[in-house]
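Just the one chain here, the form predicted alone, laid out as structure tokens.
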Amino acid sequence: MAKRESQAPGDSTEQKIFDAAHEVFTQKGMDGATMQEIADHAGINKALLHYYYRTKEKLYESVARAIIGRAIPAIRQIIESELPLEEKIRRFIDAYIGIISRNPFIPLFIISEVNKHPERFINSILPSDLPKPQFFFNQVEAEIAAGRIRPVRPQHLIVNVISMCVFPFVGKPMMRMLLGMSSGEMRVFLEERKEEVTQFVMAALRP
């Protein structure tokens, strides 16, 4: 099985559960998934699955937590790197969309948790070593001062980039309907977003 962002701690049975849950949650989301289906994918009985995870919600949170825990350091490495701004934006978009493409249930998980349990999400689910955006903000301001990009508030820039990366995944059912795309066509469209968003952002920054 292909390597995934989620890596389960513990024994091989728990790893099978994580891999199976990741696959089912990716295909159906939390609401569409069932514990029986996850157990079947893992090749275990449902009673054993419940021994490891009492509820589907707990399993969903565990898988999401593992993915977020692996994704954040990768994003941080890009944000805090010494790369030129254009290359940094390109790599950030590529990494961000890549992570969501492989884990499409994560944006909805984050939105739900932030709205329902913001303090628990910040204190218990997010890793402590979050990216420090000031590195990026300082770089943007230096590029503005040098006249290489137009004046823009760095906070707006990063929010615009993240929004363009995330929204097509969060609103995928609506986007498919509005654009008249099959599931296969939608996959291609979402992969094209990496280059499309990059070009859009860089064009918008030209002085």
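Quick note: we count residues from 1 along the sequence shown, nothing fancier. This is a predicted model, so every value here is computed, not measured. Only the largest set of C-alpha atoms that superpose within 1.5 Å between the two forms is called the rigid core.
One more form of this protein, predicted in complex with another copy of the chain, exists but is not displayed; see below.
- Distance criterion of 4.5 Å from any heavy atom to another copy of the chain in the predicted complex singles out 158 from the list 158, 144, 66, 44.
- With the partner omitted from this view, the residue of 70, 50, 58, 150 that lies near another copy of the chain in the predicted complex is 150 [heavy atom within 4.5 Å].
- Looking at another copy of the chain in the predicted complex, residues 32, 162 and 196 each place a heavy atom within 4.5 Å of it.
- Although the partner is absent here, residue 110 sits close enough that one of its heavy atoms falls within 4.5 Å of another copy of the chain in the predicted complex.
- Another copy of the chain is not drawn, but in the predicted complex it has no heavy atom within 4.5 Å of residue 140.
- Taking the partner from elsewhere, residue 14 is found to have every heavy atom lying beyond 4.5 Å of another copy of the chain in the predicted complex.
- In the predicted complex, at least one heavy atom of residue 115 sits within 4.5 Å of another copy of the chain.
- Along 177-196, these residues reach a heavy atom to within 4.5 Å of another copy of the chain in the predicted complex: 177, 178, 179, 181, 189, 192, 193, 196.
- A displacement of 2 angstroms or greater separates the C-alpha positions of residue 122 between this form and the one not shown, with the rigid core held in common.
- Core-superposed comparison between this form and the one not shown: the Cα of residue 27 travels 2 Å or more.
- In the predicted complex, the CA atoms of residue 28 and residue 116 come closer by at least 3 angstroms compared with the shown structure.
- Between this form and the other one, the CA-CA gap for residue 116 and residue 30 narrows by 3 Å or more, being smaller in the predicted complex.
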